[in-house]
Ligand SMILES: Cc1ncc(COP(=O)(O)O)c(C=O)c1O
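Here's a solo chain for you in structure tokens, the form predicted on its own.
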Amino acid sequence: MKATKRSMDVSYAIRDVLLPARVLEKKGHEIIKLHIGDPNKWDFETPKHVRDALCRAVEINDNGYADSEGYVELRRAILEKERHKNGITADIEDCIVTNGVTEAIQTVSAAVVNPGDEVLVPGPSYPSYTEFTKFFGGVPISYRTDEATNWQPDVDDLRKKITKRTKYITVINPNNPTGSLYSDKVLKDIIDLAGEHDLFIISDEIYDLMTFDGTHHSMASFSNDVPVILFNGFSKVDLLPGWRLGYAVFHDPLGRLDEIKEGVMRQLRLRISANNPCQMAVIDALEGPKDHLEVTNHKLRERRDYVVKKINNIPGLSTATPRGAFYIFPKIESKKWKCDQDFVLDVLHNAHVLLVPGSGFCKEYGKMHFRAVFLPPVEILGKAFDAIEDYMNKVV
């Protein structure tokens, strides 16, 4: 019995790399895991008032299905957040609640992409955008982001990649995996380019309040008539990755995405609903105090500064400085390794540190890089990068 080719072609480097690490763990080795963006695995804790809200929700909620498009009070709270932060005005029908941002990516891809269609994604990019495009028969096209400018998008390269088959442009800001925070000029240039070529934009903004050097501005806040589908969620900023709640807001003043929105809604009805009690409780994350965020960003800035200095002192490695999220995307400068996958596996087996190969985020613009998180405390990051440095000193 055989699986479909489309399912067997799926790859997700962030979790695929865990498989060889588990083999080493079974042999008794301790692995420092810097591969996955889960703050709650380290010293970050879901705010108490949000946890309490979930307990209350389970007691007062009927624990049945929610509306397919999402709990209406949550959607109102989401729209108020977007209005307050980004100046975006949208109707309740323009907001949907999804099982994480991943489901938003999946359902929009399914509603838009036909076989042979092209989708523009930043290179490097979060793998779900390329993988779902391919899953539905489309072709992901990577546009260059420039390491020399802290991974800002190369708008000239983006322009060259647009063809008659292009359906939309994807922007991930702050970026996963590079930690880049895009400039307002770049965002406006991309909006203008999309308008010029009659394209819409998907804007992934899930790290919007996790920035260190500058402030995040939404793509939708720069757009008057270019349609933007804004993706966001609660996994990162609100420290709720296990709740699996995300959302999409259709910023579409001229109604040009109405049929696509209906295509998404048909899928959401098919899957019934997102988690009902969690939807009710997460309103407290939106409307309640966010005292944890200042502490979170202070920790991340300190850890970011530490790993940047540490990596740039390791022979054979160099890195730009992330300005948002909690990822770093160093370059493997040593010629000892022919590919980043070999480097990551060698580090795993010899230093017992788990990283993600950069080519898992883009075969062209991610090659000979790796992604690591700087979520752990400095003492653990120090242990990890000391081990990498010791190994590099032996072989480089």
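This structure is a prediction, so every number in the text was calculated from the model and none was measured. A residue's number is simply how far along the shown sequence it sits, counting from 1.
There is another form of the same protein, the form predicted in complex with the named molecule; it is not shown, and what comes next is about it.
Using a 4.5 Å heavy atom cut-off, state whether M219 contacts the named molecule in the model of the complex.
Judged by the heavy-atom cut-off of 4.5 Å, M219 is well away from the named molecule in the model of the complex.
Is V101 close to the named molecule in the model of the complex, meaning a heavy atom pair under 4.5 Å apart or at it?
Yes, V101 sits close enough to the named molecule in the model of the complex that at least one of its heavy atoms falls within 4.5 Å.
Should D238 be counted as a contact of the named molecule in the model of the complex, where contact means heavy atoms within 4.5 Å?
Judged by the heavy-atom cut-off of 4.5 Å, D238 is well away from the named molecule in the model of the complex.
Taking the named molecule as it sits in the model of the complex, is I172 in contact with it (heavy atom to heavy atom, 4.5 Å or less)?
Residue-level check for I172: yes, a contact with the named molecule.
What stretch, of 295-303, 149-157, 230-238, 281-289, brings heavy atoms to within 4.5 Å of the named molecule in the model of the complex?
Heavy-atom contact with the partner occurs in 230-238.
I311, T319 and F370 - do all three of these have some heavy atom no more than 4.5 Å from the named molecule in the model of the complex?
No: none of I311, T319 and F370 comes within 4.5 Å of the named molecule in the model of the complex.
Which pick from N176, S223, T107, T133 sits with a heavy atom within 4.5 Å of the named molecule in the model of the complex?
Selected option: N176.
Which pick from I96, V119, V264, I206 sits with a heavy atom within 4.5 Å of the named molecule in the model of the complex?
Checked against the cut-off, the match is I206.
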